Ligand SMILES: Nc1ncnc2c1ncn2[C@@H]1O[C@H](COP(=O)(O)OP(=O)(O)OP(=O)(O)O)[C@@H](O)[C@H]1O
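One chain comes next, on its own, written out as structure tokens in the form predicted on its own.
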């Protein structure tokens, strides 16, 4: 018998881990700080504190990109370090990893190899489709629901999933997420104000203003660099500028949702229209996003407290429920794996 079971949700900017033995969920930033491009300086939350503040010889790296592993060795080191640091990490444990459906087999295998071939020496590694874990964490009885639409707005991607009777009908990974909103905000501030702000400042503007508010004259004072004088300064950024910057990436997401709904089988579509769209992911906390989606798509949009934890909560329920575990998880070493896919 395995000594423990971990559930892993590897997000672009944050890792969430469920520890079965402790029956607890913990989270850490998915970041590594490297010195002189050769030595690991710090990892996790400590490394994230250095983002946009580190000296020139320290590079802050995000091992995940667009929902998949971009820097395998860095990701493996980061995960191993986090599991060992004050977590009473033990070898020979089982792992269940939530993985995007709409990725290549090579990218999916990287998630598997990340743990299986690490110093964790896992007893087994099993995969579950992220959309399924998301729905279970949302509180949906996926085995009996005829139509479920999950829209997971994450830091690097937006994953759209259509589910029915415990299975995945359609899935699409849209390469638009929180980082794209922030880049758009920083770009428009630079263009309209000749003022340079960092991504963290743009994120603060996004969180403060949201996407749907009756207020039109709100302003926020932010620090940055005046591109005309070249010196550090402060400027007021109006809410209208932030909303204008987020309009295009939001429209891309809305178009992707409408496109999936148009391709959804009629019986499943009726279930979705009755249940509404389930909004999850870290960007699900964005002020007014559910209202914006409702008005743009014409369907009710539902969310839950802490939508960023839906996937890892789903992993928790899958690990604790033998039926879910048997039916929804699989190993990439299974002989009939490719036939099942």
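Residue numbers count along the first chain shown, from 1. Quantities reported herein were computed from a predicted structural model and do not represent experimental measurements.
Omitted here: the form predicted in complex with the named molecule. The next part is about that form.
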Since only the chain is shown here, I'm wondering whether residue 161 would be in contact with the named molecule in the predicted complex (any heavy atom pair within 4.5 Å). no
Give a yes or no for residue 285: in the predicted complex, does one of its heavy atoms lie within 4.5 Å of a heavy atom belonging to the named molecule? yes
Might residue 12 be said to contact the named molecule in the predicted complex, defining contact as any heavy atom within 4.5 Å? yes
Using 4.5 Å between non-hydrogen atoms, is residue 269 touching the named molecule in the predicted complex? no
Given the named molecule in the predicted complex, answer whether the residues 7, 137 and 316 all have a heavy atom inside 4.5 Å of it. no
Only one of 223-231, 146-154, 164-172, 249-257 sits within 4.5 Å of the named molecule in the predicted complex by heavy atom distance, namely 146-154
Go through 243, 123, 207, 108 and name the one with a heavy atom inside 4.5 Å of the named molecule in the predicted complex. 207
Are there residues in 299-330 with a heavy atom within 4.5 Å of the named molecule in the predicted complex, and which are they, in order? 308
